[in-house]
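One chain is shown next in structure tokens, namely the form predicted alone.
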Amino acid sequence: MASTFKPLIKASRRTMFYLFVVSITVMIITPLFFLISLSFLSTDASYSYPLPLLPSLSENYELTTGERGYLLSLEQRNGEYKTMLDTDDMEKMAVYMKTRLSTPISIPELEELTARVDHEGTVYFKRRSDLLNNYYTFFQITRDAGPAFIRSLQIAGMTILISLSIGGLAGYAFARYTFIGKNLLKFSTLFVRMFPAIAIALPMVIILAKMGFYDQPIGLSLVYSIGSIALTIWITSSIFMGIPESLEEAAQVFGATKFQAFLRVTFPLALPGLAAAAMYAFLGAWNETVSAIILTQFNPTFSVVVYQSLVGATGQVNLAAAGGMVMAIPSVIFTFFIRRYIRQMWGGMTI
């Protein structure tokens, strides 16, 4: 009897596993999908209810005579036309269509359409939507967006350099040398990661100000490196422990110095761990916002700029979504280039 239900139980477990995997996948993909879609929506569409799942590639308009001049209406999803603007200022209408409706149109085209309205009464026309309008607008109206992007890349690069140079050497020392209090010291490096970022950032304001590094990329890099160094130590020490010391000794037998043996033998084998540590350091520095808000004033990072674009007086969710997508690009590119080493890290290291 038990053998009869055994295939059924096995199939039900497999089904539950697949349902669990699909549910997790949907939970991850759905917010990402809405973020991408929102970054392409016009300002009018991003505040409509229900929110469109996909941006419209083109828009249908109605132009007729209004009380103040010409009445511009936009076709809705139910086929009805919604009044958007009533004006006789063609420049104002062109700016409105570009910024609010993501539909670029020239003033001569509008003048031609209004001439038809004077003759025919009502004119219907169709224009292609500019799906990248939010991205252009974000960098045009958001304060310091371009320089902040470059500044964040500099901060992330310096954080990687500091974390790998100090954390990597410390990890090598923990893996190769024996000394009193080694395990306690190694464990104590994780204490700093137990504190929230804001708890570290507040006293660092005074320290960086005295050093002359407040509101400077190097100052943020030093703060970000505090937590990254601890993680780098644990990752690299595990990697170095997995590389037999006999390989370095064999290289020294053939005439290499200890530094040459490390550089030519150990370092290439440790690249997967170093790449993983670099990825964590980059993502931590690139995405950090709380500390950057406290430690910057006139030189914000790109994550702070994106945050301010959402909560500021002129904040718009579609512009913030566009900024968020731009912010994701460097992370994707960086991970793409080091994916081979990360794959080796996941798959284990064969010597």
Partner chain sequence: MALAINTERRRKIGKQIVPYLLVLPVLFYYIAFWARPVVQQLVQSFTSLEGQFTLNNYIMVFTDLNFLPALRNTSIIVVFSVTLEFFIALLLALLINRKFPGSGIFLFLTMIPMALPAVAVGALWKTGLTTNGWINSLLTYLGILTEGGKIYWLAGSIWKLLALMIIIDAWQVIPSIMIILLAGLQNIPKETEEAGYVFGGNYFTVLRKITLPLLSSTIQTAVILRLIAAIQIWLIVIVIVGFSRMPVLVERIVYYHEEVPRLTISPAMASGYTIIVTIIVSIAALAYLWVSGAFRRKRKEV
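Nothing here was measured: the structure is a model prediction, and the numbers come from that model. Rigid core here is just the name for the largest C-alpha set that superposes within 1.5 Å across the two forms. Positions refer to the first chain, counted from 1.
Here the subject shifts to the form predicted together with its partner chain, a form of this protein not shown in this document.
Participant: Tell me the stretch among 116-124, 94-102, 192-200, 138-146 that has any heavy atom within 4.5 angstroms of its partner chain in the predicted bound form.
Facilitator: One stretch meets the cut-off, namely 192-200.
Participant: Any chance Tyr307 has a heavy atom within 4.5 Å of its partner chain in the predicted bound form?
Facilitator: Tyr307: yes, in contact with its partner chain in the predicted bound form.
Participant: With the partner left out here, check for me: in the predicted bound form, does some heavy atom of Ser303 sit within 4.5 Å of its partner chain?
Facilitator: Result yes; Ser303 sits at the interface with its partner chain in the predicted bound form.
Participant: Verify the contact flag for Leu57: yes if a non-hydrogen atom of it lies within 4.5 Å of a non-hydrogen atom of its partner chain in the predicted bound form, no if not.
Facilitator: Contact check for Leu57: no, nothing within 4.5 Å of its partner chain in the predicted bound form.
Participant: Any of the heavy atoms of Pro52 lying within 4.5 Å of its partner chain in the predicted bound form?
Facilitator: Yes, Pro52 sits close enough to its partner chain in the predicted bound form that at least one of its heavy atoms falls within 4.5 Å.
Participant: Would Ile28, Pro31 and Ala328 all count as contacting its partner chain in the predicted bound form, using a 4.5 Å heavy atom cut-off?
Facilitator: The answer is yes: all three residues contact the partner (heavy atom, 4.5 Å cut-off).
Participant: Here the chain is shown alone; which of Leu131, Met211, Leu161, Ile107 has a heavy atom within 4.5 Å of its partner chain in the predicted bound form?
Facilitator: After the contact test, the surviving option is Met211.
Participant: Tell me, which of Met241, Leu185, Met84, Leu271 has a heavy atom within 4.5 angstroms of its partner chain in the predicted bound form?
Facilitator: It is Leu185.
Participant: From first to last in sequence, which residues of 160-182 have any non-hydrogen atom within 4.5 angstroms of its partner chain in the predicted bound form?
Facilitator: Heavy-atom contacts within 4.5 Å come from Ile162, Ile166, Leu169, Ala170, Tyr172, Ala173, Phe174, Tyr177, Phe179, Ile180.
Participant: Relative to the superposed rigid core, does the CA atom of Phe33 travel 2 Å or more between the shown form and the other one?
Facilitator: Phe33 C-alpha, core-superposed: shift of less than 2 Å.
Participant: Establish whether a shift of 2 Å or more occurs at the C-alpha of Val290 between the shown form and the other one, with the two forms superposed on the rigid core.
Facilitator: False for Val290: its C-alpha shift is below 2 Å.
Participant: Tell me whether Ala45 is among the residues that move between the shown form and the other one (Cα shift of 2 angstroms or more, core superposed).
Facilitator: It does shift by 2 Å or more.
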